[in-house]
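Just one chain is shown here, as structure tokens, and it is the form predicted alone.
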């Protein structure tokens, strides 16, 4: 058996020795990426398709450049597309070696042009799983198990594309599939609210983000709002990701833009097609639009705030207006 991140034994040893103290984990995004994201890492991507994607962190990775990356995720869109775009433009600085995934596209906005480009030109290794399989792999990693039994997708041909094993269940004597745990080197997560210690509250679907964080050696969290620790612990059962699994916390408003973030902003239905169109032109042999996009929005800015400053105010105002906006604090009071 081969492992593309930490092995289960390495992960258990790492967790045993990890500093789990409650300490101030605020730092700049540039510093966090320099410290925790390395060439050759297996990166666990939080969010789902274009919802709550860690876009700001991916922009910083693209600016700094990382090579020979393995990307592990259920379903993703924007975060992966942005990394792939940086690779397509110059794979000597940014390079994806391997994908362990269920789905990479943009749902209502169309399929991924750069996924087609990378696969049709044999530029990446692929390991194909179902969404449930990838969730279960992260769950196994978060529980400290080397594998997890699963019936999905028995009866399909997906076993030809991944490392799952089928055995006879020792209790039922029926076939059961064993999925290897996923232990990324680093998890990239965006949430609505976090405190300085790394406790996180997620509004809306969790998208397996807690499991990805708990399964990973390190976690970088960006948040739309940094809130007081007392406000966080007032509702301890609402803490989605615990502080001891987080290594860096960075307040980045609109950190998942142009995707959506429940209760904060909706998808930008103008900007996503703008980016995707540039990717499609690149796939068809014209790199000019994609190069200009990166020069304007990614490589031509120092940080994510400068990227957001380039977006017309009306667009930002609109995506906030059409997303039902409420603080988690107010939502919890309604539930009481």
Partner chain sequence: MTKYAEDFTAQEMIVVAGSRTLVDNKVVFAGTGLPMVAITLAQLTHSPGIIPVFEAGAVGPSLSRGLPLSVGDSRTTFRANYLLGLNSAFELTQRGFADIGFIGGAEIDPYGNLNSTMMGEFPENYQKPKVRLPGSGGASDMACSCEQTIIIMVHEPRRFNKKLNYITSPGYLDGTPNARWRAGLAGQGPYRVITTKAVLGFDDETKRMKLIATLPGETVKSVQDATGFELIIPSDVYEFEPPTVEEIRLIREAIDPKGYFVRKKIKE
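In this text the structure is predicted, and so the values were computed from the model without any measurement. Numbering follows the first chain given and starts at 1.
The same protein also has a form predicted in complex with the partner chain, omitted here; what follows describes it.
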With the cut-off set at 4.5 Å between non-hydrogen atoms, does residue 139 touch the partner chain in the predicted complex?
-> yes
4.5 Å heavy atom contact, residue 93 to the partner chain in the predicted complex = no
Would residue 157 show up as a contact with the partner chain in the predicted complex if we use heavy atoms at 4.5 Å?
-> yes
Using 4.5 Å between non-hydrogen atoms, is residue 108 touching the partner chain in the predicted complex?
-> yes
Are all three of 32, 186 and 299 close to the partner chain in the predicted complex, meaning a heavy atom of each within 4.5 Å?
-> no
Just one of 81-89, 174-182, 218-226, 250-258 has heavy atoms within 4.5 Å of the partner chain in the predicted complex; which?
-> 174-182
Position in contact with the partner chain when the complex is considered in the predicted complex, options 304, 275, 36, 48, heavy atoms within 4.5 Å | 48
Those residues of 138-154 which, in the predicted complex, come within 4.5 Å of the partner chain by heavy atom = 139, 150, 151, 152, 153, 154
